[in-house]
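One chain comes next, on its own, written as structure tokens: the form predicted alone.
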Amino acid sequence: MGDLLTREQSDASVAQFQAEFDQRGYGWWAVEVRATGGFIGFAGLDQVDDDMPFTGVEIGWRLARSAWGQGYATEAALTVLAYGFDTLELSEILAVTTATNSRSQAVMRRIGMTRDPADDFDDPTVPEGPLRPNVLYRIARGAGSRRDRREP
């Protein structure tokens, strides 16, 4: 997802995340391993970019490769959905990924999101190539996401 950031670029990104969170009431949270406190990435909500062919609030996650396949993305996404629906009272949350990103699509399905192939699109911000075709997943409040079926 781009080049490695310098310390200054990283600090600027964190400051921007915090400013957006303070302004909107949502944004990106750090994701840590509960047992160790180790930082493994981030997850949260963001406003869909203006140049996309749809509008709304998007859920997302980015985790270190070493954290993949351990359920962290699903756990973080369920927590983000709960915040979006229960605290922010959003009516719908979207998710976008490349058509080839089967791991993220699997998380989207696990948390109860659905895809209509008619909503798939080419990302206008990405040059021609394998990362341009994207898929759009959706979930409406009350749609019965996996979070509603978890044991207490």
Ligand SMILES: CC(C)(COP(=O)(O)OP(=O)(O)OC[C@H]1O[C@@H](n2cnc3c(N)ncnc32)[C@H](O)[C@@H]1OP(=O)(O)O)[C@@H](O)C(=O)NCCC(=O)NCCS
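These figures come from a predicted structure and were not determined experimentally. Quick note: we count residues from 1 along the sequence shown, nothing fancier.
One more form of this protein, predicted together with the ligand, exists but is not displayed; see below.
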Going by heavy atoms within 4.5 Å, which of 118 to 126, 66 to 74, 47 to 55, 82 to 90 lines up against the ligand in the predicted bound form?
-> 66 to 74
Proximity of residue 31 to the ligand in the predicted bound form, heavy atoms at 4.5 Å | no
Even though the ligand is not shown here, does residue 113 get within 4.5 Å of it in the predicted bound form, heavy atoms only?
-> no
Any of the heavy atoms of residue 61 lying within 4.5 Å of the ligand in the predicted bound form?
-> yes
Evaluate residue 96 for contact with the ligand in the predicted bound form, applying a 4.5 angstroms cut-off between non-hydrogen atoms, and reply yes or no.
-> yes
Residues within stretch 91 to 126 having a non-hydrogen atom within 4.5 Å of the ligand in the predicted bound form = 96, 97, 101, 103, 104, 107, 110
